[in-house]
Every structure is written in structure tokens, then in C-alpha cells.
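In the block that follows, a single chain appears as C-alpha cells, in the form predicted alone.
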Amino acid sequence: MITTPGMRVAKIVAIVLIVVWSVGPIVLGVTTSISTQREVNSIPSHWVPRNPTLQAYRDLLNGSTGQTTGGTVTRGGDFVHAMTNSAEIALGAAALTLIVSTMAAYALGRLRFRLSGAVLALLIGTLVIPIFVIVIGLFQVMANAQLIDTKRGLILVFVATQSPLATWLLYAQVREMPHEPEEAALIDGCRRWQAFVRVVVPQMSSGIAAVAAIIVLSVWGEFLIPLLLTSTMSAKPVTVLITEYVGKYTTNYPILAAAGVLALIPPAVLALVLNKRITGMLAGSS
């Protein structure tokens, strides 16, 4: 294919626009978090703070009052508690989802049973159902089970919502794996579940790591389900807590931006570390 100068210029412009579109909000959030409320509200706006300060981070982590932060009240320890809740929920949901989805993917990809294709099609079909369609029924079920405002309740909901996607991704990997190592283990006397644990699971290790990262990232950024099912700090994740920093009449934007920056760090690090595995898994499932 012949590349003309105009095509090269268009490609460079497209790349620059994508980078600005992706990185711009992060840069704006960081600069806002180290600004003062007066600088943020000044006209014309200051894109670069004249006197950078970490006061917003100190107020966020140590607690503040509405008088000192322009109406935004934070309690010391709440943000850290919410971050801990998010980590526990995301990791717990990922662990349980992987256990369920790995076994389901193996059964659908290796074992022969009636209606296996229908089961797989039903799982994939659930991916197109928006969550807001079932929120009323979901709330009723969780209330009857006394799982409202509990981390275990959120984990169970996320296992149910994330398992179809995880099963589909792992199913694609199971279908591509060679049969010979597993058959050799069965010939040597291993039972089916032993061959699965000792042979199949190690072969799926890279795919399992990628799916685990996808689940953690998805659960960490979820907002609607935690908003519906939590009301106190016992289970409230950081995505819901951040919205409470928006005041009714005024908002301290440095504190709001600082919360967003800190909440972004764990998923960003995870995505960077496992970027190749995630992209490889998604490419292999297409």
C-alpha cells in the first residue's frame, strides 16, 4: 500500500487527537487537584496552578469541614475505607467469577452434553441485557436475602453479571488448547477433575490472569449497582463516595479531582501491568 504525505499527516493528527482525548482529562484532573478553590473558580481559568498545593489530598484523607473546603465536607478515613471496600469487592468478585467461569468454560469447550450450544448462546445473550432493566427485581431479591448494604451481596451480584463474559473469553481459550496433555493425564490414571486442575488450569494461566484483570477493572468502575445496593460506609465503594463530594450549592473541585486521581491509580497500574495479556485475550476471542 502506497502511503502519501497527506495520509501520513492525517495519521499523525489522528494519533495526536486520540492521545489528547485520552490523556487530557487525566492531566486536567491532576492540575485541578493541586490547585486551590480560588484558582479553579477564577476567570479567566488558570490551566496551570500558580501555587501548587497538596491541601486537597490532605483534606480528603484526613477530613475537613465545609468552612475550610468551600462546602465540601469529608470525614477522615472515609475515602480510605471506600478504597478498601472497592478493592475487597473487586478482588472477591474476580476470584469467585474465575472459579465459576473456568469450570463452565472447560465444560462447554471439552465435555459433550446435550444443549451445550444452547447454554453457551444463552450466556452470550445475557451480555446484551442492560443492567437497568433488572434493577428493580435485583433490589427486591437482595432485600429478601438481607444482602442490601453488604460487601458479600455486591460480590454475588458482580459474580452473576461478570460470569457470562468471563466464561465466553475462557471458552475461546479452551477451544484453542491442545487435547494431548489432558488426554495423557487421563491415560496415566488422573480423573477428569484432576486433569482439569493439574493440566488444564496451568495451560490457561495467562488467560485467567487477563480475565481477572478485566473483571477487576470492570467491578472497580461500576457505579449503578453499588449506588442501588449500598447506603453506608460498611460496603460503599469509592465510585459512589466520590459523588457525595459534590455539594448542593457549591463544590470543592480540588477535593473532587483529588479523589478521582487517587481512585484512578489502582486500576491504571493493573491495566498497565497486564496490558499485553488483556489485549491478547480480547484479540483471541474475536
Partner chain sequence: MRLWRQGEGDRSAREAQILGWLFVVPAVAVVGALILYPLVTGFKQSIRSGGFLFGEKPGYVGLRNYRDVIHDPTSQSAMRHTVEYVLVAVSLEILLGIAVAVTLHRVFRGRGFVLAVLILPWALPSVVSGVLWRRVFDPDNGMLNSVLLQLHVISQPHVWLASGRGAIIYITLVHVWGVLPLISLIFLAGLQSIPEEVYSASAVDGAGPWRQFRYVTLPLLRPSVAIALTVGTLLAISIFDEIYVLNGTALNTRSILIQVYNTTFVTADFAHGTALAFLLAAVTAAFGAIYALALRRATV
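Numbering follows the first chain given and starts at 1. For the two forms, the rigid core is made up of the largest set of C-alpha atoms that agree within 1.5 Å on superposition. Everything numeric in this text was worked out from a predicted model, so none of it was measured.
Missing here is the form predicted in complex with its partner chain; even so, the following discussion is about that form.
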Name the residue from A143, A121, I136, A184 that puts a heavy atom within 4.5 Å of its partner chain in the predicted bound form. I136
In the predicted bound form, the residue from M233, L54, I242, L61 that sits within 4.5 Å of its partner chain by heavy atoms: I242
Within 4.5 Å of its partner chain in the predicted bound form, all of V9, L98 and Y171 (non-hydrogen atom): no
With the partner left out here, check for me: in the predicted bound form, does some heavy atom of T161 sit within 4.5 Å of its partner chain? yes
Do R114 and its partner chain come within 4.5 Å of each other in the predicted bound form, heavy atoms counted? yes
Heavy atom to heavy atom, is R192 within 4.5 Å of its partner chain in the predicted bound form? yes
Indicate whether S205 is a 4.5 Å heavy atom neighbour of its partner chain in the predicted bound form. no
If you line up the core, does L17 shift 2 angstroms or more at its C-alpha between this form and the one not shown? yes
